[in-house]
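Take a look at this one chain, the form predicted on its own, written out in structure tokens.
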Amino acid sequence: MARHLITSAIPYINGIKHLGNLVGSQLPADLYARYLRARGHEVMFICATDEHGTPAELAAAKAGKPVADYCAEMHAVQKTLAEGFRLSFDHFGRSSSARNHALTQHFARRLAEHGLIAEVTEQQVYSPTDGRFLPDRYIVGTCPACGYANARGDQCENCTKQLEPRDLINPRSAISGATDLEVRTTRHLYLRQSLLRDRLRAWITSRTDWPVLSTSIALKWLDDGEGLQDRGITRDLTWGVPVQFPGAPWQGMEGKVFYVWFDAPIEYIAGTAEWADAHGLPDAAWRRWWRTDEGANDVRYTQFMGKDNVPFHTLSFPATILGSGEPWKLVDYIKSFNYLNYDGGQFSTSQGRGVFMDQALALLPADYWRWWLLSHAPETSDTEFTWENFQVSVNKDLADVLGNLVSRVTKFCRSKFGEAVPAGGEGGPREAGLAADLAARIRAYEGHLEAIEVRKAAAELRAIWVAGNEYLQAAAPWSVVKTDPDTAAAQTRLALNLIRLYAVLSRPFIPDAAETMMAALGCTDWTWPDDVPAALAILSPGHAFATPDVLFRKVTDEERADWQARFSGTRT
């Protein structure tokens, strides 16, 4: 048994997330966590809501609520939706927690002690109309690199280029829209991450198994232009982790908070501490996952994120960890994803474009979405969600292949042998051939999941389902039963065991359907099929089962047309 720490990029608190957010981090992370648990490994799967910074303040102001109240409400909403999609977090925390405040301030103090924090007097944008300094995300304008008209002052979400507010063309306040912006003097803290450039480069280049997408983005940020730059880690905001705290090695920073991208990744650690607190466990319980001097040396740490988050996870957060001088666990593998686009355009939280998690669950159960999203995960390039493709995938893969097998087998057995696994007969060459084929495919499936090759794993799982259907078509027990009921009984017994096997293998992708299949079979044995012939004999003669309702229903042409029209505009 191995120990696996898994974190998903934590979603911003500013509203319900869309399907592109879901498939870019949380959902594939859940797939991996579920698979590892199924193989008997010890897993700690952590996520949280990212509650600080400009997005939270702007969203709260738009909702007409105090930011703390807004964040508490939206955390509950996002937690409920995560449960709706069956995301199996060990803990879903909050970056506004006391644990994260304390840890963020701890890291800042340690960085300062190592000479990695600089106090910088700088010119910052001030809005007379709003009566305040405007942090970078409070300023929007045209990106100088790609021409995107709504780029933020810290990063363009269209081309991912890191920006400063003064880089924007035609900048304006994101609060009021005012363009009468001024530049005034203020003082902030900077993380001197440029001093860690060589250590970061050595660490990144040593990760030879990372996806090309992760490594190329990290090295691009190290090498482009003047290379890795020092980064401001404080902002003039009221909501966040206070910069001035007891024991802080600086003065005069009242009214400032740490930049959201400084404290957010620290929530991975803090969230694990929150997990321990929630279970009444001592600090040693979470530190064994994060401190290499307290047991984390044997932990494999995997992060999941969209490509826009890669720079912060490969440079800024590791700089914080390394710069602290303390034995914290660094990530071993970063699984990054490209973008999932929506029906000819882009998903966008800020613009309300696309299908959002609550809307999706109102249309169909989670497994329908989980299967399509994972089987079309944007791993090697951007991919696109279309309603036509969604309909075809659901109807063919889930309804025609898996659902049809479950229905045919259970209904046939009930009609010819009753609702119990039939006795009699023995398998022959065809059954041995199926077992051998499945064994090879299952080993390939395991390999793809262990390598976190999501689309390849989905394709192999579908091929495993298809193998069962092809066996049934060739064996034709509904015909054989007329002349050789014992042989038909053996074929049916094998097919019922196939359903159990498929439930176990499919659970990481479609957990609800897997539970339904096992419940119908009256089985609680989720043993992974290391020995396929043995797995195909777990349900013995006489074992009672029930015929389940339709496992997956088909999406009709009328529904597809309705949904396509309904979600063609923007969410209000």
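Please read these numbers as outputs of a predicted model, since none were measured by experiment. Throughout, we count residues from 1 along the sequence that is shown. We call the rigid core the largest set of C-alpha positions that still match within 1.5 Å between the two forms.
Heads up, the form predicted together with the RNA isn't pictured, but that's what we're talking about next.
- Interface residue remark: Pro55 is counted as part of the site for the RNA in the predicted complex, having a heavy atom within 4.5 Å.
- Although the partner is absent here, Gly403 lies within 4.5 Å of the RNA in the predicted complex, judged by heavy atoms.
- At a distance threshold of 4.5 angstroms between non-hydrogen atoms, Arg493 is out of contact with the RNA in the predicted complex.
- Not displayed here, the RNA is approached by Thr383 to within 4.5 Å at the level of heavy atoms in the predicted complex.
- Taken together, the three residues Arg137, Asp224 and Val260 all lie with some non-hydrogen atom within 4.5 angstroms of the RNA in the predicted complex.
- Looking at 176-184, 422-430, 404-412, 81-89, the stretch with residues near the RNA in the predicted complex, meaning non-hydrogen atoms within 4.5 angstroms, turns out to be 404-412.
- Note on contacts: among His376, Arg110, Arg288, Arg192, the single residue with a heavy atom within 4.5 Å of the RNA in the predicted complex is His376.
- Proximity to the RNA in the predicted complex, taken as a non-hydrogen atom within 4.5 angstroms, holds for one residue of Arg443, His114, Arg166, Arg455, which is Arg455.
- Residues are counted as partner-facing when one of their heavy atoms sits within 4.5 Å of the RNA in the predicted complex; in 432-471 these are Arg455, Lys456, Arg462, Val466, Asn469, Glu470, in sequence order.
- After superposing the rigid core, the C-alpha of Leu195 moves by less than 2 Å between the shown form and the other one.
- Shown in the overlay between the shown form and the other one, fitted on the rigid core, is a CA shift at Arg137 of 2 Å or greater.
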